[in-house]
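First, one chain by itself in structure tokens, the form predicted on its own.
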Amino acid sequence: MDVKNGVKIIVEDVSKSFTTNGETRLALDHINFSINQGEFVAILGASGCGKSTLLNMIAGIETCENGRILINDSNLNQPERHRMMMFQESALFPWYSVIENVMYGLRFKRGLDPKTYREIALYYLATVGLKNYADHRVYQLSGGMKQRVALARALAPNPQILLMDEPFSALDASTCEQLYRDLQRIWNSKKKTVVWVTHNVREAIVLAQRILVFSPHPGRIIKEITVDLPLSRTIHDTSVSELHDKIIAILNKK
């Protein structure tokens, strides 16, 4: 099954503020970066640094106060089917089976018959290792399995960009390690453009090709780090630990 590559993202001088109870708070302060086609980039920072807000802006859910976001040189102004988002919670429909949840993600694909929907859904369930669970109900799955189904649902419409907002943050460490391996394998084969938001330094190092380190309150890019390590990395690798300590030192200076 052919899979289309991702697209280039340009974030140009983007700022965003929010007003609560009459008080205005700057969330993002003049953010500039670009993401190449097929690149896996992590946005790393503490809670409240604006990273999820930025992801929502790339998704088209929120608007820029200043600056602009370009997708393949076109201004981004609304959500669209070439960008799919995955959240901290799986957000699966409990009244649907596993395969019905994945097929729901195919609603953006027009002109497909029910048989093709099922074939595509089974393909992506196999990709995340859950083909044998296609007819199970959501309540029968573990937390990690639910997130795999959510990933299959996000992949099924064949989006150009995957936007992922700390999707593994609620899972235990051993489940996360398995999902890191799965995601590395999937990204290596599909080469989607991925924007991954996290506060977990080791997670960013294990998954991303490049890390944008954000300062807190308001969010600014304080460091851009290229992760020049073999793709089959784990959180236990010495090289991962060494880079982890360097990033922690950067964060502690702010």
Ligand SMILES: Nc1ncnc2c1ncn2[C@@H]1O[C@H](COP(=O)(O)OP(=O)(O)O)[C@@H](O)[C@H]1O
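This one's a predicted model, so the numbers in the text were calculated from it and none came from an experiment. Numbers follow the displayed sequence, beginning with 1.
Another form exists, predicted together with this ligand; not displayed. Remarks below refer to it.
A single residue from the set Ile225, Ile221, Ile61, Ala46 has any heavy atom within 4.5 angstroms of this ligand in the model of the complex; that residue is Ala46. Contact with this ligand in the model of the complex, defined as a heavy atom within 4.5 Å, holds for exactly one of Ile186, Val201, Ala27, Val213, namely Ala27.
This ligand in the model of the complex is not approached by Gln209, whose heavy atoms all lie more than 4.5 angstroms from it. Using a 4.5 angstroms limit between non-hydrogen atoms, Thr234 is distant from this ligand in the model of the complex.
When contacts are judged by a 4.5 Å heavy atom cut-off, Arg68 does not count as touching this ligand in the model of the complex. Proximity of Lys191 to this ligand in the model of the complex falls outside the 4.5 Å heavy atom cutoff. Only one segment in the set 34 to 42, 48 to 56, 225 to 233, 201 to 209 has any non-hydrogen atom within 4.5 angstroms of this ligand in the model of the complex, and it is 48 to 56. The partner is not shown here, but in the model of the complex the stretch 200 to 225 reaches within 4.5 angstroms of this ligand through a heavy atom at His217 alone.
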